[in-house]
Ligand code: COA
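Have a look below at one chain only, the form predicted alone, in structure tokens format.
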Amino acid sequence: MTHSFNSLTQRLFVELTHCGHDITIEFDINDAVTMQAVELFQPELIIAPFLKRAIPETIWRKHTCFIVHPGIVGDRGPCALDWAIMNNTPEWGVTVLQANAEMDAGDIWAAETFPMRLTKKGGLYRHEVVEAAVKAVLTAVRRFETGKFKPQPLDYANPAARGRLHALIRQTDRSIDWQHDSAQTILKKINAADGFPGVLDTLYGEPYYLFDACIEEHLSGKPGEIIAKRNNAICRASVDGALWIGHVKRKNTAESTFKLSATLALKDHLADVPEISFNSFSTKPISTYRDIWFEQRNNVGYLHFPFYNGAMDTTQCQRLRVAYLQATQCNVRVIVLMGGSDFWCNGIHLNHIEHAQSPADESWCNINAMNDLVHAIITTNRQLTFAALQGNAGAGGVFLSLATDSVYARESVVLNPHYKSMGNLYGSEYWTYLLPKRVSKDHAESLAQNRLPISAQAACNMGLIDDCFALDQTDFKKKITQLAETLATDPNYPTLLQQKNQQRATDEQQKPLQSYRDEELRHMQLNFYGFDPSYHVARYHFAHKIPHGWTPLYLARHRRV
């Protein structure tokens, strides 16, 4: 039972399915719908990884319900992770507790802790919180299966119960004083609100929520002023330096708004703000805003592109293609596409498309720019290429990774190699060429039609990716470096490169890449410009975060009959 099919819910779905459990999912829409779902499925156990309201008493009195709370033992109340970041808490955790009449105060079935790090709330959630939650939930489920385990009541007299009840964090708690707050203080406040709800502030006399901040090492100016812009971000001066702000959302009580890149949302005000360029191939380590950069070591080039939430708009696709082509001209034998630490890539930028004067036209531009990037990777003939998936990937992002010669992932990564959940979108990125080269016809059809996430291990087993490793981010990067440098120095490297180019030539002779692209784009043209508005409706709901009115049948197995 969940508010949405978010990263934690997807990870638990694939982990519990892998363990052999019979899983179905219901979105928490209202009490009547939830009670109907429970009646239909008759579950032995209910797990709630992401809820925004209490489970109805009629359910938790009859069924064991596990609440997955993103806080240490004893922590109660909303905004648990927000408060932990705001209070500079050195260690945090996840607790699995049983639902009862008092919010977050039920008996404890399992708990895990982790060290905090300086990063956005979303980054902590997608990595540390998800990992701790998976361990705690699997432990709690095993204990439940025994029928013998006695969960521990919450007892604040126990030294292990270090958490406390806290209130809802308000915008007054997050507010920024640009005349007095240091850059690090401002960064902490924006980090603690990243994802949702953002920090409410004023830009050019209008209220905006701020997201996606990072420190600027060299620039400075009058505190509070916008002193520079770069690609999607603006730079704002603080009392002791400056910060870059990548995304904002206009506060408007009259109509729904959604996140946009700062330079897009504020473009009417930025004409006189200087554009400060950044050399993506610079070898100087520097703290600044950069969404694309390249590193070269030992005949290996590493291309990073940590786009916010993994989305790539038209311009980002174009800039990444230019950077990639420049990388191919460097003296390297292997190019590794690193993506970002939170997401590898999730495909086209639905929010920027929604904001466009003609979403259909912008959809067409964005998918063609993405295709141009994928084509550049597929047709690389001077290097062998890797995709190194540090974080989750979805839709076109998965197929972008398949354009490389070898795909490696952390074992914790979840993949969504399909498009249909976005209003029956057909998809492009040469997937009709790339997918059949890696998996069987049955697997290809299943991946495209089922609309379900898969684990990195499952992807590896079916041949979708080449390997996955149960490593943290630091050790995963070391493993990728080892694999890439070993390949770069392999005596057989010239033969491997020749074989790659011969295979590409054979494939092109059998069916040109342009034919795959043309066929895919004919379907996409109908999605964008045809009579069926499903894609446009689904995109609107996605961008505006419209609550679900029902649970899709591909998730709600209990409703399929």
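Given the structure is predicted, the values throughout are model-derived calculations rather than measurements. So that there is no doubt, residue numbering starts at 1 and follows the sequence shown.
Although it is not shown, the form predicted together with the ligand is what the next lines describe.
Between the ligand and the residues 163, 347, 246, 93, the one pair within 4.5 Å by heavy atoms in the predicted complex involves 347.
None of 341, 404, 309, 432 but one reaches within 4.5 angstroms of the ligand in the predicted complex through a heavy atom, and that residue is 309. Although the partner is absent from this view, residue 195 contacts the ligand in the predicted complex, with a non-hydrogen atom inside 4.5 angstroms.
Taking the partner from the other structure, the ligand in the predicted complex has no heavy atom within 4.5 Å of any heavy atom of residue 316. Contact check for residue 422: a non-hydrogen atom falls within 4.5 Å of the ligand in the predicted complex.
Although the partner is absent from this view, residue 71 stays clear of the ligand in the predicted complex, with no non-hydrogen atom inside 4.5 angstroms.
Stretch 390 to 398 is the answer when you ask which of 390 to 398, 95 to 103, 270 to 278, 284 to 292 has residues with heavy atoms within 4.5 Å of the ligand in the predicted complex. Residues in 153 to 180 all lack a heavy atom within 4.5 Å of the ligand in the predicted complex.
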